[in-house]
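In the form predicted on its own, a lone chain appears below as structure tokens.
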């Protein structure tokens, strides 16, 4: 029986929780601490915090945000955005993160994943893929919060990252992000089928139907949820009940 983890995704800018569509048109929703505490009380399994401007503008990662947002939250915490060096990773872990999400830095330093994994372990490093379809409907990889085209194949890049020590893959469909139209099933299935580590699906969740379809059609082990939680379109407890009723296991 496959266990499915539910991860609340908090995209932040400065001290604010934000959300948009396709990584554009970002709106301020409130204090990320309030949202994180709410999801913790409601039974979320993990929380993933992303600093959306650190890598984009070459700024230091907002490590204080991790400390403040996750205080008194006793579940796994992930942090991404602005992690460029081993020292950055060390600061993230000291600030309360259990794992880090890396994207942009891998295009500047091909050894960054292996360097961090050797010190902190594979389970502490998750490679983050920001994926869009091009004019020919082929997937291509982006970075800097979906702004820059890496001209790389997502599957190949993910495989290389896993070979270098990444213990998990976060696959975000930028095309589906914030649309509430459902996950990119084809993309997620392709990645899951070709990667030997757990995969987190992100981008597009608007209902529990979308989550159930995703886990039934792919071998994904975790789902990232942003918009649907922030706008109260779904309830964590009801998602877990539905997963259990359809033959899946969930975290206690």
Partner chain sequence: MNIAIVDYNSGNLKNLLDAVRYIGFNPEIITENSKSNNFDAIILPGVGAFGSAMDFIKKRNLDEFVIDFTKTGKNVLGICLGFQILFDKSYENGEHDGLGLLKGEVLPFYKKNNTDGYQLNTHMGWNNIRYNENDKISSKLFPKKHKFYFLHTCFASSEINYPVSAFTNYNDCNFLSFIKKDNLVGVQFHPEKSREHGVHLLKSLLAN
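The structure presented is a predicted model; accordingly, all values stated were derived computationally and were not measured. Numbering follows the first chain given and starts at 1.
Although not depicted, the form predicted together with its partner chain is the subject of the following passage.
In summary, the region of this chain contacting its partner chain in the predicted complex, judged by heavy atoms within 4.5 Å and restricted to 170-178, 96-104, 128-136, 141-149, corresponds to 96-104. Not displayed here, its partner chain is kept clear of residue 34 by more than 4.5 Å at the level of heavy atoms in the predicted complex. In the predicted complex, its partner chain sits within 4.5 Å of a heavy atom belonging to residue 70.
In the predicted complex, none of the heavy atoms of residue 208 sits within 4.5 Å of a heavy atom of its partner chain. In the predicted complex, no heavy atom of residue 110 sits within 4.5 Å of its partner chain. Interface residue among 212, 53, 26, 197, judged by heavy atoms within 4.5 Å of its partner chain in the predicted complex: 197. Taking a 4.5 Å heavy atom cutoff to its partner chain in the predicted complex, the contacting residues in 69-90 are 70, 71, 72, 73, 74, 75, 76, 77, 90.
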